[in-house]
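Okay, so we've got a single protein chain in two different forms coming up as structure tokens, structure 1 first and structure 2 after it.
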Structure 1
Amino acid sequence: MIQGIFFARFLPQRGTKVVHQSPPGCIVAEPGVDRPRFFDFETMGEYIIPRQGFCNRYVTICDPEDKYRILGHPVCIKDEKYVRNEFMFNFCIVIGVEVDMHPYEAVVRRLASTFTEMEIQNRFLSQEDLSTSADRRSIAALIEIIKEDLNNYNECMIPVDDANTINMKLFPIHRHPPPVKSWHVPISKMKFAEIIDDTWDLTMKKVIAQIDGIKDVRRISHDADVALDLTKIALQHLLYYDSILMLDLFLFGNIYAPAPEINDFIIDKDGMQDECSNYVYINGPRLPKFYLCRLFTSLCTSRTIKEWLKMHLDQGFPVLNYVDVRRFIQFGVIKGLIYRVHKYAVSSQYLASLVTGQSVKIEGGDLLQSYTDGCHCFDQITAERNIGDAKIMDQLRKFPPKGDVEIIYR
């Protein structure tokens, strides 16, 4: 939310002065207005209209108490028609220091550029008091409307006069999403069927139709009949807008271990156990919640999912009769209760060849040789070479000399 907005200019006889502000009295005192000010303007004035080296650029300032952030774009227009041959002003927005300031940068820049053009055209700012035209809005009315419209609608379109209109919109700034890998599995966070329509991109619609929480990116690309690169781009767009999340490929040979956040599940923080029950139990009788805690805490770095299931079966607890294991693991990873332990192959001979630049020929071909530098997990090999864990291990054992390849878990 925009807490306040104000227009300041430099007066040769009086220095920096706040000419208009919204809400009234938020920056400097006004007659008849009794309200606390956001900050002491006297201590901040030299930063609102700074020296010329800081003019004509985007500037952010925090007040001494670190409660508010002032966003501005001081402007200096040089022309002989002005006193001292220059006119300096600034339209500033005040927000809380905890608020993300990036969406407001474009607004501040637009305010500076728009009013600079209007000043050059008809001295809209410098001769405000001399204007008698009833066809143009006052600056005080403009900043009031701008603040209210941006706070309420995230956009504004305000006619100023016959020749000028202020158009601005707040856009959320999202972080650039991480790269999408072919072995990742997308899971939707919303019901796309309720929002998708005929205007959507055809490639995007074909990709979305294949997102089921089970298929990896490579499989989605194949089933949607879309090139893998285009599929990754489409999924990256969905990631950017926080519409999906990415998990690892689920295989019974995967290894998972509890994270420190498992304590939140054990004490049932925010009703997490009920949420998990509704997500993972299959049709039939539901077990006491104690069993869910037991399942999570029995995962460890030395046990695959297959071995984990067998251990519980030997103890008389047939997990598969009650729990959808894939959804159980997904819930744990999404909530941060457990983490994945990946497998990597490392060949000392191949690493030495990378250092010396002399490639080592492997008898029978080098199908997996480029994956043995410790930087490629087994999920990547499975997705890109379309072979399972057992076959990967068989081929790695054939690498000469015997025992050269080691498997690292991390």
Structure 2
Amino acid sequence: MIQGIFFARFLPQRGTKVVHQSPPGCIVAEPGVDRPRFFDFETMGEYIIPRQGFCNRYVTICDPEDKYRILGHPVCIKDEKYVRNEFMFNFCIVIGVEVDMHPYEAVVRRLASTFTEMEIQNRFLSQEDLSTSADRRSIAALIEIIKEDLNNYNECMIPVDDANTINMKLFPIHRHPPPVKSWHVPISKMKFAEIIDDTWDLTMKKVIAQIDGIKDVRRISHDADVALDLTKIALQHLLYYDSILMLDLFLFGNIYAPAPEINDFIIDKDGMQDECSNYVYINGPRLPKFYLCRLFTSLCTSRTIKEWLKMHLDQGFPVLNYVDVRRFIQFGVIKGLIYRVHKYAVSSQYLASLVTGQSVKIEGGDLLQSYTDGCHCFDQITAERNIGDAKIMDQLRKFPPKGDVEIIYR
């Protein structure tokens, strides 16, 4: 939220002065307005209109009380027509120190560029007092509208004169999404069918059509007939806008183990148990939620899903009759209640060769050798080499000497 907005100029005889401000009196005292000022402008003046060396760039400064942050973009226009051959000004926005300042950066830059352009066109700023007010808005009114519109609607579209309009919008700045790997499985967080329209990118539409929470990226690329790198870019876009999640490849040979967050499920934080029942129970009789708790807590680092199902069956609980196991596991992974225990191959010989820096081809070692440094999970090998778990194990066993390759579950 913009607390205040002001227009400051460097006046050759009087130094840095605030010409217009909104709300009135927030930066410097104004006759007839009795309100506390945000900060002492005298202290801050040197950062509002700094030395030339610091002009024409985005400058921010916090006040000494560390309550407000001033975002500005001091501009210095050099031209012989000005007194001292230069004209300096700054349109500044004042926000609370704790407010995320990044969305406002574009606004401040935009204000600087627009008014610079208008000053160069028709001395909009420097001749403010001389021009007739009929064909243009006053700057005071402009900054007031900008502040109000941005605070209320997060955007503004203001015609300034015949030639210029100020169009601005506050964009949330998202974090850069993690890289998309070919063995990841995207699952949608929204109903794409409802928001997609003809203007959408064709590749994006092809990729979205394949997202079902089961297919890995490589398969999506294949089934959508889109190059893998383009598929990844498309998915990363969706990730950026937080419209998909990335999961692991679900197989019954996978191992999952509880994380400390499992406690949230047991104590039914945010009605999680109901949410889970709605998501995982297949049509038919619904079991008491206690069984979901037991299913989660009985996962462990050395039990594959297959073994886990068998264990429950032996105890007289045919899980598959009631629960969609894939959805059950996905629910746990998405909520962070459980985590996937991945399989990694480590070849001592290969490690040794990495230490010495000699990347000698180990005899008998094949294409899989570069995966045996303990940093590449089996999912990756499966996706990139297109072979299944059993076959990978088979090939790894052939690595000489016997027993060189160890499997670490992590």
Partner chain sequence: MASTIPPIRCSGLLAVALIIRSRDGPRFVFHYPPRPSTEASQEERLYGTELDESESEGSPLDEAGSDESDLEDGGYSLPCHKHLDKEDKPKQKNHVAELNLEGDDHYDKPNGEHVVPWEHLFEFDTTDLESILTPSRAYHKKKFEMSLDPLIFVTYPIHIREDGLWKKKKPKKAKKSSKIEGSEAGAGSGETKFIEEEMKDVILDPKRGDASEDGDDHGGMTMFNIVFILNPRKDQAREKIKDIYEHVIKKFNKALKHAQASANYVWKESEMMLLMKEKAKEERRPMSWLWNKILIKSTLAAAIRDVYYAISVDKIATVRFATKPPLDLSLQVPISNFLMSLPTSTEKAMPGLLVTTANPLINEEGNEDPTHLNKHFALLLLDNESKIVAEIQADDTDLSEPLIECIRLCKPTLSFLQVAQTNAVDVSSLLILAQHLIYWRRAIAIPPLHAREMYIVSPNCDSRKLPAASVAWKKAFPLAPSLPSFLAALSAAPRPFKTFAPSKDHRPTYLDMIAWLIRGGWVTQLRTFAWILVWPEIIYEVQYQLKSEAIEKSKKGNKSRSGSSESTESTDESSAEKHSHTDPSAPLTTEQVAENARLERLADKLAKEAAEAAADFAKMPRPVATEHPSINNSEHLNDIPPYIIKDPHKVSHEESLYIAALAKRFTEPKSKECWTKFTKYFNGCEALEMIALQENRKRKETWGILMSYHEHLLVCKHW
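Each form is matched to the other, and the largest set of C-alpha atoms that superpose within 1.5 Å is called the rigid core. Please read these numbers as outputs of a predicted model, since none were measured by experiment. Just so we're on the same page, residue numbers count up from 1 along structure 1's sequence.
Here the chain appears twice, and structure 2 is the form predicted together with the partner chain. For residue 79, a C-alpha deviation of 2 angstroms or more is recorded between the two structures after rigid-core alignment.
Once both forms are fitted on their rigid core, the CA atom of residue 11 lies 2 Å or more apart between the two structures. The Cα position of residue 124 differs by 2 Å or more between the two structures after fitting on the rigid core.
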